[in-house]
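Below you'll find only one chain, the form predicted on its own, shown as structure tokens.
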Amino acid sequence: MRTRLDDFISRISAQRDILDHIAAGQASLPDGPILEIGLGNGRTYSHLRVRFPGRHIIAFDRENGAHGSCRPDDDDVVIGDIAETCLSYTGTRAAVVHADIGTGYREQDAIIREWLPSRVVAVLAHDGFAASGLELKHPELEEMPLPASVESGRYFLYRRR
């Protein structure tokens, strides 16, 4: 029987492995910023800064609650309801969008899946990548093969058509 700790480790490992996979192919990424949808305590933001040096990273969350060692500048954090604040970045043409805003509650995640795919498409450049802890069903997103270390259905990787 899997525990919640097992699930957490699996999710975080999948997240890291997918972001590292995208970073390994940086030469083929379009120009544009990295968007971190769901800053949380900043662990992934910290990872993105190291893996994508020189890229502007913009984080979205209800507050800038990142740990002091990996806290983005206030100018690089968009505060508010992510479903709404993402709309102001339509047309940004981000090279990478990472979204880890699932709640683990089926009903709440179903609501997020209603609006998140269209927000990702609205901000992502053509040929840009999106990594998400929730499945993103949208005709402009092509599901990409996962690194061998990532369990199918644990995390998702897409490229915008």
Ligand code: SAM
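No experiment lies behind these values; they were computed from the predicted model shown. Numbers for residues come from their place in the sequence shown, where the first is 1.
From this point on, the text means the form predicted in complex with the named molecule, which you will not see here.
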Using a 4.5 Å heavy atom cut-off, are Leu39, Asp100 and Trp115 all in contact with the named molecule in the model of the complex?
yes
Heavy atoms within 4.5 Å of the named molecule in the model of the complex: which of the stretches 49-57, 100-108, 123-131, 27-35 has them?
100-108
Would Asp74 count as touching the named molecule in the model of the complex under a 4.5 Å heavy atom rule?
no
Can you tell me if Arg93 lies within 4.5 angstroms of the named molecule in the model of the complex, counting non-hydrogen atoms only?
no
Listed by sequence position, which residues of 47-72 have a non-hydrogen atom within 4.5 angstroms of the named molecule in the model of the complex?
Asp61, Arg62
